[in-house]
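Below sits a lone chain in structure tokens, taken as the form predicted on its own.
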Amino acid sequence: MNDLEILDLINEIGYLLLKHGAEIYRVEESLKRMCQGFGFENIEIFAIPSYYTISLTLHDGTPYQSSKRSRVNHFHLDHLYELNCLVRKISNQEIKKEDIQKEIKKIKSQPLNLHLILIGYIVSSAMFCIFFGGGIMEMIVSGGIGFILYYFIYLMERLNINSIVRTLLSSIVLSTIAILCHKMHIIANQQSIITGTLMLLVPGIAITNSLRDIIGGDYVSGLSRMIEAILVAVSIAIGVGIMMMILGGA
């Protein structure tokens, strides 16, 4: 396996780390450690949430540069864990070059546990509803909205709708259901349902990662993540506000 084939594998791992929501410092550090593990020199890496570029010197002294862009990122913690384990093996030279491709294919073939995610939507929305003052009926309705949101968001992802529009439409759907249930006297406290189900849309991970990037000195990536999180939060407020004005929610 020559240098370019090895670097293709390293770039694939870096792309997967970026795609599945790894912190920027982790992407840069992982790429650098893998390149060092194979003996490359003059390694420079720059990454932002949707893009990274890498430059180094090959063993024969030839300069090398490559870049990767991930247009759609989804958090997948199982994949991140497996990728981090693979990075450690490569960095410590605990894996044969020929086996790296097999490990990458194995990681990429791991499916999402969609049933567990669905349960998470239902239980999380129901529990947050209780936390914000809802009763038994509010908890049941909130769980039902979580069930609907799961399939609604899944459909929009399949249609490649961006996160801002997806969040706006999701907030419209959940607030509409909550307000209509209140008007039909199924529930008494619509605010607890709206607030509880909105917690499914709040970009908590993006905000946390942005602050971590800023504290770590990655200001460009930190600010870009923060702007994205703010836009998502604004779209949530707009979606709920629109339906409250149209349907006259209390």
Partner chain sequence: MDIFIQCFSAFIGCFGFSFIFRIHKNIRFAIIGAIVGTLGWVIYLATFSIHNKFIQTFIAMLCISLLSEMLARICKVPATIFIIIGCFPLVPGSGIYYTMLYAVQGLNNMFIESFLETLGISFSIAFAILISSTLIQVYKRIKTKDFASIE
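All values reported here derive from a predicted model rather than from experimental measurement. Residue numbers count along the first chain shown, from 1.
What follows is about the form predicted in complex with its partner chain, which we do not show.
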So its partner chain isn't shown here. In the predicted complex, which residue out of V27, L198, L56, M34 has a non-hydrogen atom within 4.5 Å of it?
L198
State the residue from L112, I161, M137, L155 whose non-hydrogen atoms include one within 4.5 Å of its partner chain in the predicted complex.
L112
Looking in the predicted complex, any heavy atom of H76 within 4.5 Å of its partner chain?
yes
Please check if T176 has a heavy atom lying within 4.5 Å of any heavy atom of its partner chain in the predicted complex.
no
Heavy atoms within 4.5 Å of its partner chain in the predicted complex: does I194 have any?
yes
Since only the chain is shown here, I'm wondering whether L9 would be in contact with its partner chain in the predicted complex (any heavy atom pair within 4.5 Å).
no
Would you say all of V123, I215 and I236 touch its partner chain in the predicted complex, counting a heavy atom within 4.5 Å as a touch?
yes
